[in-house]
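The chain below stands alone and is given as structure tokens, in the form predicted alone.
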């Protein structure tokens, strides 16, 4: 088996070797720009880790893994437009660097490219892995629509939010693992177990992202910190604070969230102070741990040697401990 670092090098090298070029250049330049920025490559790594965990031939999973990374980046291009996000991985987002129409069309092209890469494996795997990708794509879109609905819906509860991030973020991690497991030769039961492992890790991962948006430095996080507060985004932290705040503190929280963009520093500082008073960071960490424990239970159900699971387990632990 390869180490996580070796798999990271393999993924980065193969992406570097791909030539996302063509006419018209304005269609393809944003694709090269996006995929050359690096990132954590979490999704292709999960595909390769799952394949090797089941003693599969990693070479047969490489291009499907790259396909899942392209798909992920396609969703980011469109998300950044909808979220009006100016920075991604410390650089201008595609719609800011070019324009919205180019970002939409380049993203659409990446979606098609993802399917092309997924097909580059043994024919016998293709029906099952295409089903996983298609189902994942639909659920990611459902999650994104829920996320947009939440911007105007004032009756959102924590369970609504957790279902939204399951769809928008977690199912993609589960799908990457399941595709790797299928190529690795896992039976349907074990493929489902590793999928559920990924979904629970994905839920913990997104909660960590919410936490870092408030409590990380911009140079580590790669985008504006406090951005979720500025946009009144209904994250787990936001919803938990409104659930727990009472009396004068609740009114203060409401007032801070009503502040205009001209008072951004005061808004972020004020909301963060209330979060600290309510121990929102600790409560978020506790919820993350709950999903992490569920993920470990799913992994435990897979009847293979513990040593074969270790790389995946180590990588999951890295995701939980990350600072960016």
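Because the structure is a prediction, the values reported are computed rather than measured. Numbering follows the first chain given and starts at 1.
Although not depicted, the form predicted together with another copy of the chain is the subject of the following passage.
- The candidate site formed by 23, 111 and 144 is fully in contact with another copy of the chain in the model of the complex, as each residue has a non-hydrogen atom within 4.5 angstroms of it.
- Listed stretches are 95-103, 243-251, 179-187, 197-205; the contact stretch with another copy of the chain in the model of the complex is 95-103, by a heavy atom cutoff of 4.5 Å.
- Of the heavy atoms in residue 27, some are within 4.5 Å of another copy of the chain in the model of the complex.
- Residue contact check for residue 230: none of its heavy atoms lie within 4.5 Å of another copy of the chain in the model of the complex.
- At the 4.5 Å threshold, heavy atoms of residue 137 reach another copy of the chain in the model of the complex.
- Another copy of the chain in the model of the complex comes within 4.5 Å of a heavy atom belonging to residue 148.
- For the options 191, 211, 81, 239, the one in contact with another copy of the chain in the model of the complex, meaning a heavy atom within 4.5 Å, is 81.
- Within 4.5 angstroms of another copy of the chain in the model of the complex, the stretch 268-291 places no non-hydrogen atom at all.
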